[in-house]
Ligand SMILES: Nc1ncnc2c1ncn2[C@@H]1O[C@H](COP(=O)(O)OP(=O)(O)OP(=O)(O)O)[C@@H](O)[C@H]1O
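The chain below stands alone, shown as structure tokens; this is the form predicted on its own.
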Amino acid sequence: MSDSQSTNTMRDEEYRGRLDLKLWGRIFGHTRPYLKQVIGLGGSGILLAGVETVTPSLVGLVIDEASMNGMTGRLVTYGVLYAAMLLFMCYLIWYFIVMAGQVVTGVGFDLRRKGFERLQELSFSYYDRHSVGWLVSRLTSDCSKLSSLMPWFCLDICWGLSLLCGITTAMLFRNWQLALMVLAIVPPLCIVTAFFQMRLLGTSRNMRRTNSMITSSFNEAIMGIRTTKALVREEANLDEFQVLSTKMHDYSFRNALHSAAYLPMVITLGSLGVGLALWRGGFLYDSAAAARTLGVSDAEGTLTLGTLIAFMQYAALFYMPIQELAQRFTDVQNAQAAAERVQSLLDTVPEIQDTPEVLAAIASSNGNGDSSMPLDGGDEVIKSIEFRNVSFWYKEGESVLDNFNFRVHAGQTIALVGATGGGKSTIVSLAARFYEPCSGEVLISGVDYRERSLHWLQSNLGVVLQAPHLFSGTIRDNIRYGRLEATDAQVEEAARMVNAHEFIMEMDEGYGSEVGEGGTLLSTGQRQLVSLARAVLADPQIFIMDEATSSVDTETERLIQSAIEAVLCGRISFVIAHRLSTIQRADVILVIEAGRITEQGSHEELMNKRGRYYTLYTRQFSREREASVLESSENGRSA
């Protein structure tokens, strides 16, 4: 990814501001399908808080009973009750671990599925602005971070707040003076939390952003390893990667430093509260002991030993949920960036989608039982495609097509030639509705194609690119990719039609042979033939070939060319040609220069004009003839 692309992508993903509660409300909305488990988590947390609130009081009763009355039946009852409470606590812990596991795996699965589904819906322009590594990071590390956080956050909120309320009530009930000394630490704790909030949030955002850049760098380095080694650029790549990894180290260090400072400060403040309570409680206990010695039974502020120990347990226990909540708060701060990135992907509206009118037509036609009609109610057959006053630009002010007009009818093959960057690929992308005109109209059978179903149009496309992409799996799987219900016989028929059957049968496993990731186990020409068979099997009404023969050898080009002549028959076909010798039989050849048609006609007509096409053709023919003579001469010398 170039520096400018990287900069644009980073700017697109820059977020500012404090913790966004509205955003987190939407993030936690993804737990709705697991409401039963979430309620179970919250309920078990509240019950656990209730048990933990009662436990210190029970301990105090045991101590008072033992110190005052010795071994009694009541003491045994307290012991049995204490053991039962411990067993119940163990069950609650086991239960919420199971519930949390279900929520983690379920929400993680749903987020990835929704994210991947949205990526399938987004227009090409979205991928122009975002690198593969950037998107992969969202569906992997970001989704994992959120799904792992949500159930434990829900549990700790319910458990922590319930425990704090229970302990506060118990402490105030037992001795309000000691309780206020413990609670006096809460205001400074809030100040510390506010101080660290933005610092943790800022460093976590920088970490997530840099992590995406590293993922993108990994992806590009692996995909381009052959180019890297061919140009001996390993050391330069390492230096560039070192810049990113250094940034990640710095941001991670700052984040860890803030977290490391924040949590100990919470613990220190909690310990201070416990110390004050212990000091004041000891004083009150001494006063109580002196009062009892003097025979005063109702002295102010008296404490029993069991009550003092129970209170100290409450004081120590009071800061345990605060520490847990502080940790969850830190986790939320760190996950804010991931939440922003994942939700922004899910909220991205495809730039190209069906209009409300088309969606309404599709909805009204559902269940009408007529399978011969498209769901949008329009004509099934594509009779013509017309560009009417079409202008298009990828970037404002840099026009690619300017007031472009042309019409093609069913059965015609249109060849597009011209210099690189003239707009040839843009024309076929607009025809396929991968992009839409910035102004003007593209008409299908006289109807603006924005009034037709996007799925219907693109289901009638067959596209063969200069660098075809095959997916991991067998040759049969790749040919069947666009028509999953096709039989093995139909797959073989498509392969025969494009002259791919012979090389396939020469492979060890035939149609069951693996192609490797991206088709790396096949040659470029073999990948192109499989790609062509895949397009043919889909039986499209519109066929697009984008320089499909420019990167194959002469023999494979002949195979492809003979296959193309059979495939294009009866269809609307757009052919972008690098080798002009392959388009001589096209019905119309368009010479595209700077987004305009400078010449058009058949091969013979354009050659007779002796214009731009004539110059391009004769120049290329001369180069090919020189190359052929040179090759023959070298073969003669070697013989």
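Computed from a predicted structure; not experimentally measured. The first residue of the sequence shown is number 1, and the count goes up from there.
From this point on, the text means the form predicted together with this ligand, which you will not see here.
Exactly one of the stretches 102-110, 419-427, 148-156, 332-340 approaches this ligand in the model of the complex with heavy atoms within 4.5 Å, and it is 419-427. Contact check for Tyr511: no non-hydrogen atom falls within 4.5 Å of this ligand in the model of the complex.
By the criterion of a heavy atom within 4.5 Å, Tyr435 is counted among the residues contacting this ligand in the model of the complex. When contacts are judged by a 4.5 Å heavy atom cut-off, Asp379 does not count as touching this ligand in the model of the complex. This ligand is not drawn, but in the model of the complex it has no heavy atom within 4.5 Å of Phe241. Screening Ala361, Leu522, Val400, Ala326 for any heavy atom within 4.5 Å of this ligand in the model of the complex leaves a single hit, Val400. For the residues Asp250, Asp128, Glu493, Glu351, the 4.5 Å heavy atom test against this ligand in the model of the complex is passed only by Asp128. Annotation for 589-620: no interface residues with this ligand in the model of the complex [heavy atom within 4.5 Å].
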